[in-house]
Structure formats: C-alpha cells, structure tokens
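As structure tokens, one chain now follows by itself in the form predicted on its own.
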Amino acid sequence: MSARDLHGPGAPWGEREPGHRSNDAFSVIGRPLRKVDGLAKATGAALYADDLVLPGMLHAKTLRSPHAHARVLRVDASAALALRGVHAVITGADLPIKYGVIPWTPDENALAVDRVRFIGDPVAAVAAIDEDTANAALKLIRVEYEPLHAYMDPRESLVRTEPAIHPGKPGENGNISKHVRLDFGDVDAAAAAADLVLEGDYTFHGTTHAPIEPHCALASWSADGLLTLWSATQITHYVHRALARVLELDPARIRVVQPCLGGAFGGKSDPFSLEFCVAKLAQKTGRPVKMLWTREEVFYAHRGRHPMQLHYRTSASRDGRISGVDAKILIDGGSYSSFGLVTTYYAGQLLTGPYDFPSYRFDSTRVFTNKPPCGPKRGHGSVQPRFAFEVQLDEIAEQLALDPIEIRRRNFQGEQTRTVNGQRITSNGFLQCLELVERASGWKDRRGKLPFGRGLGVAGSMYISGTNYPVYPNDMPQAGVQLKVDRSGAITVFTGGNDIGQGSNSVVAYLVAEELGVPVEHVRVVAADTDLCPVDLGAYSSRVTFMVGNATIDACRKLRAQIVGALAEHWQCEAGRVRLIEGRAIDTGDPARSLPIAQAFHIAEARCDTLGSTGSYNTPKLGGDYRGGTIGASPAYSFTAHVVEVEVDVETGRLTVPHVWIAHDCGRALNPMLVAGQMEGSAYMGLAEALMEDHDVNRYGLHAGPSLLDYRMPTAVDMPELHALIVESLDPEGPYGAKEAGEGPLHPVLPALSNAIHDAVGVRLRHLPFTMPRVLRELRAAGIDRRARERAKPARLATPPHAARGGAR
C-alpha cells in the first residue's frame, strides 16, 4: 500500500511516498495522460445533444402543472392544435403506461394521466416548427384541475393518509415510499453495557446537481418504423428498456445514443419525460423532434439529494471503541420513487465502514411529498448518514478526551474482512488516508491550538465501486466490451459505458493501449450506442472504471492471446517471450527481433482470421443472506479521510475554508490526473452543499429559486486550496487494482467542516446547510460574539506547515 501527493514538489505529479509500489512496469497506466475527448471539448468540436440538427426537425415544449397536488379533470388542446406551425400535441392519454428505473416501483407517467404531484409535473407536450411557436401553443392549452391537499413536511406524510399521493392497497399509507428496518447484533444490550451512550438529531437538506448541460433529447422515426433517440442520459440501456415498455415497441426497433454529455452527477440516471415525449411526437408527426429543457425545468425535474432527518445513538467504551450504532432516518423522497427503494437501503447499508461495529440497527423510512422528486446525487444515499455519524463520532471523542483521528484509528475495521451487515471488504487503505491528512495538515501541532475562530476537523468514509445488484434481476454481464482490430494498427473499442465527463472512455483507451501495446491515440472508443455497443448498465454507483475496466481487460487478453500465439509461431519461440509494448511487438529473448504493431496484427490476421474479441464483467455473489443484503454490496470499497481548515467570523456567521486535505484510497490510480480531478471535484461539491446550496420549496410547493442566479454555488473565488493525496491499496478485484474515485471523496468534507467549526469556536453544528444566518444564530445561542474572540488567547501556530504541500490546484 502506498500514497502519493499529487501537488508535491519535484516531478509534475509529486513524489511518491516511501514504499510506493512502482508503476514502472506499465507504459501507459499510472501516467497523467489527457482525456481522449479533451481536445474536441476544448475546441468546441464535440457534439452534445442540443448540437444535433436533423432535416425537417420540430421543436417540442412541455406544459407543466401550476399545482403541487391536484386531479387532472380535463385537457383541451384544440386551440393549440389550430395554431399555425403546430404539428402535434400529446397528453397523458397518449402515454398511459407507467415507468420507473427500478422495476418494482413504476409510478411515473411521461405526462400526467389523472393527477399531478408537484409544481412542474408535466401535463402536455407540443411539437411545432420552432420553440417560440411551441411556447405560444402551450398557453392555449386549457387544463381543468381539482386541487388536493399538498404535503410539504415528510412528518405529515407519515401520519396523514388522505389524500394519498400514490393511492395503494386499502389500509396502506400511500404516502410511504419504502420502509426498511435491519438489526445486526444486540444494539440495546450494547447500549446498556456501554461506558458512554450519545444520542443526537441531525438534518440534511435537499440539493440538486446543476450540471452545465440541461436535459435534451432528439428522436427520429424512420419510414420503416425504427426509433432513434439521442439523449443527454447517463443510463442509455435503461432508457432503451423504458422506451420499449412505455411505447409498446419491440426493443429491437429502438436505438438510443448518448452524445457528449455536459455533466450529470446522478441527475441524468432516470428515464425522463422528455425522452418519451419526443419519441411519441416523432411517431405522430413522422418528423424528427427535439426538446431542450430550460434551466428552470431542470430544477423541477430535480432527482437530487434527499433531505433527511436523522437520529443516531452510538455506544462506546472508555477507550473509544464503538460497541453499537442505532439509526432512525426519515427521508423526504419528493413526489415519485426514482431510485428511492435503493436510497432507503443505502441510508443504512453503506455506513458500516471504515469502522468496526459489533452491533448495528437502522430504521429507514422514505415518504412521498408534493415536491420535485428526489433521486441519486453523487454519493447516493450515504452522504447524509455519513454527515450525522461522523459529527457524532467527534462528539464521542470529545466526551472521552480522545483525539478525533485517534478514535477513528482505534475503530478501524481492517482489510480482507466482513462488516457487521455482511459486506466483504477487500483492500482498505483508510489508515494511510488518516496518516496522510494528519501529517499534511499539521494536525498534531495545530488542532485545538489555532487562534479563536480558526479550527481543523476530520472525518472518514467508505463507498462502493459499483453495485453487485443490477437494477433489474438478470444473470447476464453487467458490462461488455467488443474490440475490432484494423490493419492500420488502430483498435476500435465498443463499450456501452456512459462517459459523463468523468473520463471513462479515456480509461478504456488507456487499458487497451496498455494491454495491446498500441499508442493511446490509435485507440478509438465508440460508446453508449445501443445499436453498436454491448450492453452496459450505465454510469452510477461508481461502477464504470471497475466494471467496464475489467471487461476491457478481459477482451484485450483474449485478443492478445491470439496475436502473441501467432507471433510465437511466426518467430518459432515460446509465447512467453512475446511482448506487445509502445507500438511494437518484441521477442524478449532476442531484442533484435521486433515488428511494428500493425505488422504484428497482419501476421495474426493471416493465421487467425479477422481479428476481434469480446469481454465482459459480472460481480461475484456478494452481500448478506437476508432481504436487502445484496443492496450496498460491492466487489470493492474505496476509503477516504479529509481534514478541513475553517475560519469563522463570529460577527457575521461567515465561514471561510482556506484548505481541504483529501486522502482517498482508489486502489491503483490508472491516471493520477483524472483521479485528482475527481477528488477535488467531489470536495468542491460537498463544500458547496454545506455552505451554499439548498434545493427548497415554499409552503405552497413553489421552488424557492429555480435558476442559477438564485441557487447559490461557490465560484472559483470561494473555493479553498484542495490538496489531493492519493492512496493506492491495490485491490485484487479491480482492473490493475483500481477502485472508485468519483463519489467516495465527497462524503467526509461536510462532517469535517462541522467538526472544524467546533474546533474553531466550540459550537457543534448538526443541521445543514451552514449558511451565514444559521451559523450566526447558533453562535448567538451559544453566547459567542466579538468579545469572545477578543478574550481568546493567540495560538502558537497559525499557518499550515510547509509539509502540507498544498500548491496550486
């Protein structure tokens, strides 16, 4: 196991820590290479969904509900249809079949059939010659509503059953989306025997993704009845399945393509109304139809972070060992299910590392409210519980007079082990993560010793590297890859994986170049096209590098065996002597004997027929032997530790974060530059949620500010120095030992910030977001003001040590 500071002195990507397992055995892997699509995006050559234009294309717009909860009694579109330039109008009657990304909870219609459940719920769609005409037509559609009681408080949804948001079976509360209670060991006995039992309430607010690119979809219906959909989606395969269901089409007559994507973060991992609407409108008109959502519509579609109310009771011994954790969680799911079934499990299942719990219970309930539907956002389902628990863990350390890093060390679960809920842990670099952030931040010399108003806080976490549980049950591979070899020496990779900006297409190219010895620039990646590529389940749960990477290596090694075998026969040497590297095939037993890689391919094709191969990956059977035991089970887990430095202005409540140290165990860093980017992006997003973001609605269900002017996010001016510290605990399951890096590094920054605030001013913040008014109220309630700062003594060490190795981001 090893670590590397990407922003250290010396070489462009820092110096390796002592004991680092060298990447020198690789010619491509472990190098800071640029993304394969980087130049196209930087120069504007890359095509996104809204860049696509087809001959005769129409433009579509959506009519949305002005009510948070109402019955739809009548829709009259006659005046809209009579408007010049309007080609079609569709309503819920045209798309009556419900859908949902989780097959057990199909509760959405592309357009409202009999009821709307939040302000912004789609009711009708118009296709016209241009957007202005479509918008004018929307104003002519007459909808008669019967308003119903709207639920804005998840606690009300628990106790009031009429009118139900989703009417269910008689005697059931149709406002409850999912309830999970799981017990592991005797939590109550652990509490009775503990030296310390600490209870507390915590709240996590709703936040949304706000990617640069809004949702956009374009559909074409051919004369022979083939539907092609280009969509800004991160789940091409699931959109394909949902289209077949809702449109009642043979899946073989549907093609779904994901163009370049301008960010997603989980916000494009559902099938969405616009995809069904443009498909249906293209069918009706016989012309291509495009729909681009406005930024306001993206806010209404939402699918972002679930607000949660969390109660934790943690038991511990005098020496700081945790003996039991008891969690009760109320989840505000908004108006539809989305991934909510999984969210309800993730809220409990993903907390059981990197610390050892001898006993654990979680009682998690997701309810519907008449708000925009919530779904998966970066770190799906586990960021909120992690915030609550890591803050409470610091409170326990304080009660026991223990260093917050030390209490985390004492409860480390180890590697090659199982958690209390049956999750298999393979590699685990959490202790190295703690050591790095402790040393880099100057923790021992600075924590608790900075001037009043300045402090350091720490937190840790773990996250999945893909889930072993596909969204719909099947025994087929979760990822597939196909390779085609050209006589020029170029290799084309066909992968169903979705590159959403994280660089997964680049990772595929690096792996092919490494395995087959071709230059990276000679690898072409064709991705996320259901007609051309093998099935992949999409970009979610940090699965792509791990699963698509393993499938890629599988395909490469099958192909390499053919090529090496042919060359060994040609050279009359043992196959073990043949190596493909840096654009050549060489005989390691006779260095003078080598060929350009293209010539090696010619020899292999002459002996083996047309060259190509397929590869796949599926997880082993994982998880506990109980209902829900497979949800949250992963072939490998990443681990993270953060230290946050904060400055608190007690007169205004303003929080300034000068530094965040991020140590993340990603297994092998296939490209350290991409890993560092993911780590820094995760920390940015977590800080944004803690300090500024708030996806909220008022008491009528109207969004507080559905625009990027009103929804506050940090700019570059607001951001701290982010110090990315990579830990490589090579995992036996991952591609070359790699694990995830895209979501795990988000989790610790929020609780570490809260813990830093306590170190700075002695106030414990348990309720997000930490806006200036809220911080100021908490400070005033604790009796802290300017005079408290003046009374405080100056500390002996006020600046980060040179060893922090911060540098520019």
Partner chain sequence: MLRMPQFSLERPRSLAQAIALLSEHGPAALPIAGGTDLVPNLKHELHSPSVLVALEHVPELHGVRVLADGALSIGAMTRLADLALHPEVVARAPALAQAASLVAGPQLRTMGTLGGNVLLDTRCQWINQSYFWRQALGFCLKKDGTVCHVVEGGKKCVAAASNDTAPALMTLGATLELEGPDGVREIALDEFWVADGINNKKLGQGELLVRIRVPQQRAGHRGAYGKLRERGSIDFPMLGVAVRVDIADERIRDADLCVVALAARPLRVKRVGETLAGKPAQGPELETAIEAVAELAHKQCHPLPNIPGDADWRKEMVPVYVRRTLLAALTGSGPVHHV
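Predicted, not measured: the structure shown is a model, and the values here were computed from it. Numbering follows the first chain given and starts at 1.
Unshown form predicted in complex with its partner chain; subsequent notes refer to it.
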Task: Contact at Gly120, Glu131 and Tyr700 by its partner chain in the model of the complex, all three, heavy atom at most 4.5 Å - done: yes
Open item on the list: Is Asp649 near its partner chain? Define near as a heavy atom within 4.5 Å, in the model of the complex.
Closed with: yes
Task: Trp293, heavy atom within 4.5 angstroms of its partner chain in the model of the complex - done: yes
- [ ] Would you check, heavy atoms only and a 4.5 Å threshold, whether Leu47 touches its partner chain in the model of the complex?
- [x] no
Task: Close approach of Val86 to its partner chain in the model of the complex, 4.5 Å, heavy atom - done: no
Open item on the list: Within 4.5 Å, heavy atoms only, which of Ala401, Val159, Ala592, Val717 is in contact with its partner chain in the model of the complex?
Closed with: Val717
- [ ] Using heavy atoms only and a 4.5 Å cut-off, determine which of Arg64, Arg31, His758, Arg766 is in contact with its partner chain in the model of the complex.
- [x] Arg64
TODO: Quick one: find which of 649-657, 280-288, 471-479, 615-623 has residues within 4.5 Å of its partner chain in the model of the complex by heavy atom distance.
DONE: 649-657
